[in-house]
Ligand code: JBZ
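A lone chain, given as structure tokens: the form predicted alone.
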């Protein structure tokens, strides 16, 4: 590890779940090169009773078990002084702020990230007094925070120097411009009756760029229309989008259903 290494610290009761990240794909290569470092911390090691208890029954009753605050906070108090003070501490919870691309870009500017992976019914609420942010990766519930942490690690790490080979691809992806990414095509030119759009074979880069921009707008309108709110769209592109949308609505009405 060197001074430019980006460090992910993961507080988890199941550190072995992250073994695959250490050896596979681009993340594995980045870890081997020293661009990234991934450390797991099982806060069971910070318990003080002979049974290494990390959870207990909830006050007020109810199902499930709640993660005790004392071993988690003890782990954080030992870890934080070892890291750059700018490193955010993030608790992963379905009740948190939604994780988006802009947050990944913000975190990628820093020296690292400390992620708390919950289990059972979640953390004792007093743990939140010792973190910087509470974040969710979506409106659903997982068995634990490890899968959410892996998603965040991938989203942040791929923005760092030396992780993705072709850095230009990062600016052309879904959400990088606030829109979903345009469709992609490769060989064969025709597959089961579906042909590659002729514009992509034309060699006219201006036309290709315009087609991709408009397809990105249309795909966003179809799948994530809320992303278009507040975006500034060129008048010609807006007119094209409105015309395409009207055609799709007319076609869907004629077929007796909505288009996916």
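Positions refer to the first chain, counted from 1. For clarity, every value in this text was computed on a predicted model and none was experimentally measured.
Note that the form predicted in complex with the ligand isn't included here; everything after this is about it.
- Judged by heavy atoms within 4.5 Å of the ligand in the predicted bound form, the contact stretch among the candidates 177-185, 72-80, 153-161, 111-119 is 111-119.
- The ligand in the predicted bound form is approached by residue 136, whose closest heavy atom lies within 4.5 angstroms of it.
- Taking the partner from the other structure, the ligand in the predicted bound form has no heavy atom within 4.5 Å of any heavy atom of residue 87.
- Residue contact with the ligand in the predicted bound form: residue 143 places a heavy atom within 4.5 Å of it.
- Among residues of the shown chain, residue 127 is not one whose heavy atoms approach the ligand to within 4.5 Å in the predicted bound form.
- Interface residues of 81-99, taken as those with a heavy atom within 4.5 Å of the ligand in the predicted bound form (partner not displayed): 92, 93, 94, in sequence order.
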